[in-house]
Ligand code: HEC
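Only one chain is included here, represented as structure tokens and corresponding to the form predicted alone.
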Amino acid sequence: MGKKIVGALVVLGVLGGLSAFVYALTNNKMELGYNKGYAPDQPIPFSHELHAGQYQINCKYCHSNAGQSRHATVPSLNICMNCHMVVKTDSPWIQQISEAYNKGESVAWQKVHLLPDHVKFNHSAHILAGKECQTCHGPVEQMPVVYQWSSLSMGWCVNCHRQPENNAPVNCGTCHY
């Protein structure tokens, strides 16, 4: 008799936990996705809070390909040096960037926003549609260390595409190879 009660309690516990999980997932209390909160260590500290926030440098100044290409791309060092030839030149970090620039080298920045290999994302299509970078990337201008703000899961993207004001395609080939 005792084993049946314990078994029933285990089944009820599992069903209760599963019900809570499904409720949280379907009522936007929880989000499953890829690498939400991911903030890799970068070879040189870079503050978006300082550059995009305090100095209000537009995202597309550094990520200049975002409006014309699928990829926003990591800025080349010549973009950094446009300012840092004269700004904060005594900083060891800026000196490291200067040295790499003068040698024709690059900095091995780590990618922050990760998508599965079978997913294609077109930055230019979203910018041409009038989307702000913060829609997907969050309040980057407040991030001393940039991190993946949204889940970038299929459900997260599709929910945005389904909004009537977005008039965005939801067919598989839009986002998948």
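Quick note: we count residues from 1 along the sequence shown, nothing fancier. From a predicted model like this one, the values you see are computed outputs, not experimental measurements.
Another form, the form predicted in complex with the ligand, is not on view; read the next lines as being about it.
Chemist: Just to confirm, V86 within 4.5 Å of the ligand in the predicted complex by heavy atoms?
Modeler: No, no contact at 4.5 Å.
Chemist: State yes or no: in the predicted complex, is some non-hydrogen atom of A100 no more than 4.5 angstroms from a non-hydrogen atom of the ligand?
Modeler: Taking the distances in the predicted complex, the answer for A100 is no, it never comes within 4.5 Å of the ligand.
Chemist: Taking 4.5 angstroms as the cut-off for heavy atoms, does T73 touch the ligand in the predicted complex?
Modeler: Judged by the heavy-atom cut-off of 4.5 Å, T73 is in contact with the ligand in the predicted complex.
Chemist: Is the gap between P45 and the ligand in the predicted complex 4.5 Å or less for some heavy atom pair?
Modeler: Looking in the predicted complex, residue contacts with the ligand include P45, since a heavy atom lies within 4.5 Å.
Chemist: Counting only non-hydrogen atoms and a 4.5 Å cut-off, give the residues of 100 to 119 close to the ligand in the predicted complex.
Modeler: W109, Q110, K111, V112, H113, L114, L115, P116, H118, V119 sit within 4.5 Å of the partner.
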